[in-house]
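Consider the single chain below, provided in C-alpha cells and representing the form predicted on its own.
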C-alpha cells in the first residue's frame, strides 16, 4: 500500500513514526527537513502521483483548529474544523483537493496531542455555547484509520467533553474505532452519498454505495448517530429518479431516529481550481455539464442548484419529520489552512 515514506527530521523518533515504520518494514524511508519540500514542489503531476502516493510524516506547528469556511456548518453552533491529514486515498473526480494541492502524496501529522490540546482550549473558550468540530475536510476521516489510529485517539477526548459535537466525514467502511468504543451521542458519522449509478463513474476507489449503506446500518444498530451528506449534488440525466431512489433506499434501511442531520452541497470550484482539474480530465463528462463561470466560481446555474436541493428536501420531508438540514455549500477558495 505504501512503498515510500518521507519523514521530517523532527519526528523521526516520535512513537507514532516508529510504529508506522515497523508496519512498513520494506518501504523506503527518506528523511526531509520539512514536509513542504516534498509536498509543495512545483510541477508535480497530481494525476500520475495518485497511482502510487507516498506517505509523508510531519509535525504541525499551528492551525490545529480553524473556523470552518464561510457557508459551512450548523447554524446554531460555533463551527471549527481540524485536519490531521492532507489528501485522501480515494480519487473522486469532483474532489477539490486535486485542484488545491500540488501533490497527491498523503501528509500525516503525528503530533496528535497538540490537536487535542487546541480542541479542548477551543471548547473552554466557548463554555456555555454550542460548538462543533468537523474532521474530514482535507482527508477522509476514516479511510486510513488502520494506519493512523487518529479516530481511536480523538474519540476519548469527546467522551470527556459531551457538550462538544464531533463530525467524522467519510466514505469509508473502516468501523473499528466505533465498534470497539462506547457510543458517543455527541459524535456524528457523516457519510458522503451520491446515487449509485453516478458513484460508479465518479467515486473512484471508494467503497460502493451498497457497502456504505451497510456500514451505516451497522453503526445505527450499535447506536451511533449518522449524518447524510449529499455532497456534491450531481446533475445529469434522470437525476430526480436517481436521488429519490437513493433517499428512499437509505430510509428503508436506516432508522430515521439514527439520523442526526442532513446536508446538501453544491458542485462548485474556484476558476483556477476548475481549470487545473479539467486539464487532468479533459474528457470527463462531469465537467462538460450545465456549468456556469461567474463571480470567480465554476458551478451549476443557481436555478439548477436550487431545483436539486428543493427536490431532495421534498423527498426527505415526505419521509422524516422535521429533519435537521444544514448548509455545506461553500467556496473551497475560502479555506483558511496555511501550508508551510
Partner chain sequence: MSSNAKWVVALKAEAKPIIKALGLNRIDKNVVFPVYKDKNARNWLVISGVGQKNVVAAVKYISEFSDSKGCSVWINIGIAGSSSDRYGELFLIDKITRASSDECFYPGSILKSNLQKSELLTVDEPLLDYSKVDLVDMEAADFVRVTSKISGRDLVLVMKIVSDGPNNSVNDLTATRVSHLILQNINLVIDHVNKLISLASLEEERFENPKGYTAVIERWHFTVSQQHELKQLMKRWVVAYPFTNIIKKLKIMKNSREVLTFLKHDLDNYKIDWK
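Nothing here was measured: the structure is a model prediction, and the numbers come from that model. Positions refer to the first chain, counted from 1.
The form predicted in complex with its partner chain exists for this protein as well; it is not shown, and the discussion that follows is about that form.
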Exactly one listed stretch (232 to 240, 75 to 83, 118 to 126, 147 to 155) reaches within 4.5 angstroms of its partner chain in the predicted complex by non-hydrogen atoms, and it is 232 to 240
Students should find that, of 54, 273, 57, 312, the residue having a non-hydrogen atom no more than 4.5 angstroms from its partner chain in the predicted complex is 54
Taking its partner chain in the predicted complex, would 32, 43 and 280 all count as contacting it (heavy atom within 4.5 Å)?
yes
Q) Though only this chain appears here, would residue 65 touch its partner chain in the predicted complex if you measure heavy atom gaps against 4.5 Å? A) no
Can you tell me if residue 192 lies within 4.5 angstroms of its partner chain in the predicted complex, counting non-hydrogen atoms only? no
Q.
Can you tell me if residue 291 lies within 4.5 angstroms of its partner chain in the predicted complex, counting non-hydrogen atoms only?
A. yes
Review point. With the cut-off set at 4.5 Å between non-hydrogen atoms, does residue 263 touch its partner chain in the predicted complex?
Key: no
Residues in 183 to 198 that come within 4.5 Å of its partner chain in the predicted complex by at least one heavy atom, in order, are 197, 198
